[in-house]
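Coming up is one lone chain in structure tokens, specifically the form predicted alone.
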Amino acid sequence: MTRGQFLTAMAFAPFVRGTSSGVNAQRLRQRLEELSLHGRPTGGIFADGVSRVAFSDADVAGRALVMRWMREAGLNPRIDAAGNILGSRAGSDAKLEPVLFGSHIDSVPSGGNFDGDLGSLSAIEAIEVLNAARETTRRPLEVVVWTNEEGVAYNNGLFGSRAAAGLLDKGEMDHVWNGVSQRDALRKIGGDPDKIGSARRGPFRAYLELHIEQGGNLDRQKIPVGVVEGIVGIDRFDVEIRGFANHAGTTPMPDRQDALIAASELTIAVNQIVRREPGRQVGTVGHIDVIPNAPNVIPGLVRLTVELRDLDKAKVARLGREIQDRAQKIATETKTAVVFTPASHHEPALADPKLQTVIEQASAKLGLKSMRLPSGAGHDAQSMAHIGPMAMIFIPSVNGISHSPKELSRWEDCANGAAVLLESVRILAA
């Protein structure tokens, strides 16, 4: 999709005035557009995407705006020790476990305006609708905006939800990124690293998360609602390749220890190993640093990342071993040293079957067709699956594009997703 096509789609997409559930689609759209101002390129527009990396100034400003909307909805937001933003609405029976729902608002660099934002703002919209209808649910409701879902900062995502599930790694608070420890970054957004254990969640009835699909299945099949079957496991490795930096003009080709050659062969090997068997597994080399990165010097050091994803954790582990075995052969052939260090590990998570049925019932009530499908992206819901039942609602991503300024979901689909979320909450909290 070209920038012009994106602008045309946005300009002529109508405001959907409401749905049978009472969702105010115009308010939802206006809030998505207003939130996009925080992290938008200077002089840019909505179609230019957003860079709102966790713990950045843009993230702080976006969080403040979201908390303002939560206060307007009567949620009285609070920030827990992990920096998660939480807002509760009382039910008629305070003894019952709450229904928890939300998402995140941090982005990748030059990301889109729907990833995470839609689920977070739709959760607030659900509260607004219930308030306007003076509708009291039997169970308490709790809206959450998670901290650092994307993991751009500190190279480990799902931070807030992992803290809530008690899944933080030992020593994680001392990790340093851009010269700032995670401990200090957490203080910047109102968290308390010295009391991080207090972010552990108590029991809940269900966790629901509305999200854009980030793939093209729903868009290709023209189906407005996806019911997620499960979320893939993710293994990420930091890889360091050590060669020998030397003069590019005077070092004969047979004598070179070129770290970039080894990195290039490893990148191709990841692609070949992951692709050689059928399945939905994926493997990516998505970040690379070359040192000294000069045109007349043979690269002596390369740092890169290898990431593997699949619903089958045994397959992810096996592929990781095969890639590391191949890396050692490449090291021998190129006279380099290749060292793999595990950076993060997220277990796959299956959605609760009963909650999947609830989402399908909500969709049917609204006259919306749905289909079941897996999630190839990681989400905070997979952390929540460790401590309670979870489910996710997907809406179409136009052309399956995400983590890009061209990320786009139609306003009508956004409103439909918010309506399904609301109806699902009503069923679970009734």
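Don't overthink the numbering: it's just position in the shown sequence, from 1. Note that the rigid core is defined as the largest set of C-alphas that superpose within 1.5 Å between two forms. None of these values were measured; they are calculated from a predicted model.
Beyond the structure shown, there is the form predicted in complex with another copy of the chain, which is absent from this document and is the topic of what follows.
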Subject >> Full three-residue contact with another copy of the chain in the model of the complex, heavy atom 4.5 Å, for L260, P299 and I401 >> reply: yes
Subject >> Partner-facing stretch of 139-147, 321-329, 174-182, 244-252, counted where any non-hydrogen atom is within 4.5 angstroms of another copy of the chain in the model of the complex >> reply: 244-252
**OP:** Could you work out which of P203, P342, G166, G286 is the residue within 4.5 angstroms of another copy of the chain in the model of the complex, going by heavy atoms?
**Re:** G286
Original post:
What is the one choice in Q356, N131, N217, N155 with a heavy atom within 4.5 Å of another copy of the chain in the model of the complex?
Top reply: N217
Subject >> Partner contact for V274 in the model of the complex: another copy of the chain, 4.5 angstroms, heavy atom >> reply: yes
**OP:** Flag R256 as yes or no: does it have a non-hydrogen atom within 4.5 angstroms of any non-hydrogen atom of another copy of the chain in the model of the complex?
**Re:** yes
**OP:** Answer for E213 alone: is it within 4.5 Å of another copy of the chain in the model of the complex, judged on heavy atom distances?
**Re:** yes
Original post:
Should G44 be classed as touching another copy of the chain in the model of the complex when contacts are defined as heavy atoms within 4.5 Å?
Top reply: no
Original post:
What residues in 86-112 sit within 4.5 Å of another copy of the chain in the model of the complex, counting heavy atoms only?
Top reply: none
**OP:** Superpose the two forms on their rigid core, then report whether the C-alpha of G111 is displaced by 2 angstroms or more between the shown form and the other one.
**Re:** no
**OP:** Answer yes if the CA of N156 moves 2 Å or more between the shown form and the other one after aligning the rigid core, and no otherwise.
**Re:** no
Original post:
Are S110 and L304 closer or farther apart at the Cα level in the model of the complex than shown, by 3 Å or more?
Top reply: farther
